[in-house]
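The chain that follows stands alone, in the form predicted on its own, written as structure tokens.
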Amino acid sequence: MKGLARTGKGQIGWVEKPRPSAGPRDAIVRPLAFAPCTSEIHMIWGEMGDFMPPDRIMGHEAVGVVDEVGSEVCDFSTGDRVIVPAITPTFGRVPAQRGFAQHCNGMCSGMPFCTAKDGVFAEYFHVNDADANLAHLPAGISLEQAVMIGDMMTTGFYGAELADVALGSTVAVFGIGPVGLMGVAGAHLLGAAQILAVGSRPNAVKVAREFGATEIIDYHNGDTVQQIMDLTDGEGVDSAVTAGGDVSIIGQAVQVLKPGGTLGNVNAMEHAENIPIPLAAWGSGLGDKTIRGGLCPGGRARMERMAALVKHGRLDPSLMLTHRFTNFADIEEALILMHEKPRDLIKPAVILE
């Protein structure tokens, strides 16, 4: 089979590999839609892929059709259309029983795509623990919507969940790329009253407002922290979600948190050894401000809940799709586009049907 791989640092190319085979509890899936993510950009052009073997096939966001199932798979059959989560843990491990399946075999190991095995940018790809990880694609959900569920939607929502967004609360979302936009949508659905979205790209600003942002903070108009404090009458916010930027974003979020506030980080960062936190803003360490960061949950139950929100019209994640491709080979162009990030980009995807 053919797949798009990281052939070296800063390099991608097409490779030929044997079609994967399914173990007793696994499935082999053929893609119907897939999308590149900033994580791939970190892995190919940044530091996160330095540990990878040569010619690792990339990709972890896909919707597909089941091509083969293992002998012990009960709930899926050949021909089923499925949502494939980016995070496909081994649910039999002890960390999963503790509630952190995304770290089932060590830190962040619940995402084996790209990191421990070939990813989804291939003619066929392998899904472990199929009954626990795949979710049936409900009728009425388009491929454009579904391809946003497995990573962007669950990750952005997890940011809002980590930040303990509550009814009537005030929330700041730092970064309104696709994950941040889903953070805005998650905060809105969790009942936030005031949602301040930090970003400036016109397409993203428009979608942020459609997803529930009440104010837009543009750093071109002045200091981000000061703008947030001014819009909250100097009090700051109850919750902050960091979904983009470098390590300095954490410090900004801490500065705008009220005492008792919570920061939820779903932004993977690199090019630094430490995260700077302004000591005064944290009350010299006594400010009762909580910082939480996590890899989004995956698995079937999570995907079914995300899909239910889309099916019943609570939100339309396909509003983030700005660049649509229709051929298998177009994933290379879509990935390069994600790397270059033109100003009109939110999310590219390849839709094969």
Ligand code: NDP
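Start at 1 with the first residue shown and count on from there. These numbers were taken from a predicted model, which means no experiment stands behind them.
One more form of this protein should be noted, the form predicted together with the ligand, which is absent from this view; the next part is about it.
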property	result
Contact test in the predicted complex: residue 249 vs the ligand, heavy atoms, 4.5 Å	yes
Contact test in the predicted complex: residue 294 vs the ligand, heavy atoms, 4.5 Å	yes
Partner proximity in the predicted complex: residue 39 to the ligand, non-hydrogen atom cutoff 4.5 Å	yes
Heavy atom of residue 209 within 4.5 Å of the ligand in the predicted complex	no
Heavy atom within 4.5 Å of the ligand in the predicted complex - residue from 95, 112, 236, 244	244
Contact residue in the predicted complex, from 267, 255, 145, 169 (heavy atom within 4.5 Å of the ligand)	267
Candidate stretches 119-127, 137-145, 218-226, 76-84 - the one whose heavy atoms come within 4.5 Å of the ligand in the predicted complex	218-226
Within 4.5 Å of the ligand in the predicted complex: residues from 159-183 (heavy atom criterion)	175, 176, 177, 178, 179, 180
